[in-house]
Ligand code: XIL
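The form predicted on its own is given below as one chain in structure tokens.
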């Protein structure tokens, strides 16, 4: 599905963030009660895109404020696809992707990468190599390796292959209008997963597609996905998740249970199912004629999806393809309208209430998560604005008690100020040193000796280091070279 859109600017009445959350009297939510908060408590990630207007600084201020307040996972609408990141052969443009990653790090938001190998939104220069298998393999490997390496430790999950199944319901791959399949064959899918894993062994790797929410009947896309996952797992292809896009209409009331069945089938294969691009639209001609009952019905379907999401232990992400109806691809490209949680004036709709109601109805103690504690709660008290800079300043609150500071030089971490409150006999100047990758996974622990810790066994890259000295801990991003 091509998701490029350019909505004409809509003159919207401005409302405050408080009013947006409270719903201007139509929705009663406490100021500190957000989707993000309840999702975090339940070990899940709920989010939406950053759309192209945001990337181009052409968006209302309400958008970003609501986005970072309400959600804890994000994906770029178009800005990390092949044509955006490699517009010319071996010339990469990471400017907009970097903008999103910086925003996500600053706001402790998980990042999805979308998408590495897809038949659509491929730059024209790739088509110069149609039919040249070895060249196309080299092109795809180079693209995946450089993009994933650039975002290693920052992007938690990649849509490695996107929409590769045909629409003929004959249980096979898309063999036409795909430069990758036509030039390489089905092996491009396996290779894409292997290359992505090589570039970032810690990233979660998804196959993502539409219409796999229609059920597991014979000949369906969903059944084909399950069989392919079985093959990938049997052949040690590093797939960890499947994404169901789930662009549906208001009439599709039974679809949530199809998603539940797919989740259960994938759970048997130890694979996560994520809802990656949800919108529940009304027929486009109904705009302006929708009743309270219509919006309540939309909310009811959102509630069903959220219930399934929270009840199936191998579901981790719930991502909607847009935040507000003011900026949605539905009107231009899908013949649908008003499919999101917020209306065109940034007021939360009954769909928002339904999502919140489902979260509250599923106590955190009863919701299982597919994620480890270090993924759910990575180190977060360091300044995301200087990501990648080994001289980044430590948060002042982290060092105020004892004046502790750390600096990296080569492969040695130097720590000062840790003996301030120790006895004269504590000559070793010791502190506990923990090193995490950029997703918060612990990779190394040691004790400092005489104010220094040897990090020579750690591979090059960006990390977060935490130094703990008695009751004081400080955290800092470091770059090991």
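The shown structure was predicted, so the numbers you read here are calculated from the model rather than taken from an experiment. Positions refer to the first chain, counted from 1.
The protein also exists as the form predicted together with this ligand; that form is not presented, and the subsequent description refers to it.
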Would residue 77 count as touching this ligand in the predicted bound form under a 4.5 Å heavy atom rule? yes
Might residue 143 be said to contact this ligand in the predicted bound form, defining contact as any heavy atom within 4.5 Å? no
Contact between residue 317 and this ligand in the predicted bound form at 4.5 Å, heavy atoms? no
Hey, in the predicted bound form, is residue 245 touching this ligand, heavy atoms inside 4.5 Å? yes
Stretch in contact, per heavy atom within 4.5 angstroms of this ligand in the predicted bound form, of 98-106, 327-335, 149-157, 260-268: 327-335
Only one of 345, 121, 405, 223 comes within 4.5 Å of this ligand in the predicted bound form by heavy atoms, so just point that one out. 121
Which pick from 81, 303, 297, 197 sits with a heavy atom within 4.5 Å of this ligand in the predicted bound form? 81
Any residue of 267-304 that, in the predicted bound form, places a heavy atom within 4.5 Å of this ligand: 277
